[in-house]
Ligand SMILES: Nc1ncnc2c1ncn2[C@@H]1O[C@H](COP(=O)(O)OP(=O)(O)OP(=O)(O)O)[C@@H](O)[C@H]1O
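Take a look at this one chain, the form predicted on its own, written out in structure tokens.
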Amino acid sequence: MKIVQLTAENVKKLKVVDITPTKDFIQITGKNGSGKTSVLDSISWALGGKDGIQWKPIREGAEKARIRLNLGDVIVERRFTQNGTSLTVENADGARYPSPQAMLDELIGELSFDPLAFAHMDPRKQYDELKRVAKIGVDIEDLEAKSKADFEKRTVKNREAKEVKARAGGYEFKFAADVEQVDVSGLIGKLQTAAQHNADIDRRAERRADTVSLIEDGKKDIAELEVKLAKMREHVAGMEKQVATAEALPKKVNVDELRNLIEEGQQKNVEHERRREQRKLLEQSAAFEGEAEALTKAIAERDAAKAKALQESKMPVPGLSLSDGRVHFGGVPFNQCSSAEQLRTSVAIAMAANPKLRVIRIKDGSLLDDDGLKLIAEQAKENDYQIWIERVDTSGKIGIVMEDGEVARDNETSTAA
């Protein structure tokens, strides 16, 4: 479905305009302020609903305005008064649709999508516009932002896990396996008791040695002290008896063995503590690795959700994709494609987004060179689309020439206004 005839009265800068296009590539030309944009806006306002209409649609000095679009099978008429706007839609037999805007909403696609404007947008705006046209069902930016944050967190966790595991691997141990903690304090107590015990034995042995010495001295004195012999003998006999009946000295404790046990116990305790620290570090490393794995899983799930959303979305042209806040085409950022490729793809997007009403509006057509105009005209012909394009031109020899809100010349049919 295309525009068979456009009639507009008192719309913006227009007085009375009646255009019956004979070609699919319709150039609306003229000087700035001549009413070119008003022609294209008339198409949009007739079809797109009152929300898109500017606050002052009626030409200065007029009381009312009217737009009539003949689409072949459907005739659309929108009227404007100082109190608002009204819409009627009739079929070819003159029967009116009870819900005209609802009927048009099913008919039109993305009539507001301007392929030339899209091709010249910055990457961020292109991304937002294509996401709107393709009707992506998820917030891709939110998914990408969360995945980026989790990726950074995962990097930190993996680095922490690696560092902690490296610290754990730096431990060296003397004993072949982990050992129970040794009661070194108890062994030291035993050592002190054994030392005291041995010292007591040494004192007792020293006293006994002194006693034996006294006995020997007494025997020497006997010869010289015969007067005291009897008493001395009795005394000596008593001491001999004491020595003879004394219990045997106990065996000395091996303190070297205790010292060895203490030294080994201290070493085992140090190693026990180091093994405990190592286990703690390994547990910490495993926790970091677990967090990193969870982040990896979250990133993968969001990537899958994003991929599913893009797969299920109605991407208008094969090869288009959205990623990192940019539009990509064929895996290449859209703004890195050639100018011709960008323009061709933008027009293809517009066509795919308007499958029923095969009409595309292009403003600022003066930005296009001859090659660009030729490319768009060829696409319109190849795909059976009607393209209305606005261009600044002062020659009066190109397209439908606007002057002071009216058609001054229609070069398509070579009839003067």
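This one's a predicted model, so the numbers in the text were calculated from it and none came from an experiment. The numbering used is simple: start at 1 and walk along the sequence shown.
Below, we refer to the form predicted together with this ligand, which is not included among the displayed structures.
Taking the partner from elsewhere, residue 392 is found to have a heavy atom lying within 4.5 Å of this ligand in the predicted complex. Mapping the unseen interface onto this chain, residue 383 falls outside it, with no heavy atom inside 4.5 Å of this ligand in the predicted complex. Among residues of the shown chain, residue 52 is not one whose heavy atoms approach this ligand to within 4.5 Å in the predicted complex.
The closest heavy atom approach of residue 370 to this ligand in the predicted complex falls outside 4.5 Å. Contact with this ligand in the predicted complex, judged by any heavy atom within 4.5 Å, is made by just one of 348, 58, 43, 375: 58. Only one segment in the set 66-74, 29-37, 375-383, 349-357 has residues whose heavy atoms sit within 4.5 Å of this ligand in the predicted complex; it is 29-37. Contact residues in stretch 1-17 (any heavy atom within 4.5 Å of this ligand, taken in the predicted complex) are 12, 13.
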